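The chain below stands alone, shown as structure tokens; this is the form predicted on its own.
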């Protein structure tokens, strides 16, 4: 297959209280309903457009120079191409000079390639879902879509990559997953992914567990100072290393399984609170 594996960025990088990466999430509405979906994606899922308020909060949180990365995912981002195109243009017009990644199942190939081509800086790429692109563990995308994406990648090398093959126990998770038994499973150590800004206005600590409303993941809202969100994310990373991982090792559980099935056994990270919340 034409696509190369997606390269990951260094984890947990925070400089001057800005994050190296930020995920943007408009909901779990999707044109597929896969057994392994971490966010419970379906056609009946929720969706809300990106707004200036959400994107201004993102601009205040992520690094704005060429090192920064903003990742759009869901759900399926190409189901609302006009709003996504507007959001990318908004970020560019207001000084975001980093990379943009669209996590997609690739089925709406024409929408996806239009989105990639629209970036005035030419720094928007796509990451395809491994199972849907290959047919390993899920019905493969229509071959007509796959051929369009392969042709685009051949003309624009590096524009479309293959997502990871790991099986993550979160959301609908592993069971009843039908992929190859030798595909990598999660280890005791959390991958330390970067957090998510949802279009409901909340910052969530984990892109895989984004539909989990437990207080362990709640970093703040778009009304909070970006510095507080960054501090809370650092607190979450410290909690992962000092509380979560020791529990996973002691109970011989994969990291995502701890959050999915045993989170009530762990104390909540000691997050900073907004001044208004503390006063109340």
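Residue numbers count along the first chain shown, from 1. What you are looking at is a predicted structure, and each value in this text was computed from that prediction instead of being measured.
What follows is about the form predicted together with a small molecule, which we do not show.
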Quiz item: So in the predicted bound form, does any heavy atom of residue 96 sit within 4.5 Å of the small molecule?
Solution: no
Quiz prompt | Distance check, residue 105 to the small molecule in the predicted bound form, heavy atom within 4.5 Å | solution = yes
Quiz item: Do residue 73 and the small molecule come within 4.5 Å of each other in the predicted bound form, heavy atoms counted?
Solution: yes
Quiz item: Applying a 4.5 Å heavy atom distance criterion, does residue 59 contact the small molecule in the predicted bound form?
Solution: no
Quiz prompt | Listed residue (101, 196, 167, 146) with a non-hydrogen atom within 4.5 angstroms of the small molecule in the predicted bound form | solution = 167
Quiz prompt | Contact assignment for the small molecule in the predicted bound form, among 37, 55, 230, 63, heavy atom within 4.5 Å | solution = 37
Quiz item: Just one stretch in 86-94, 73-81, 108-116, 148-156 has heavy atoms within 4.5 Å of the small molecule in the predicted bound form, so which one is it?
Solution: 73-81
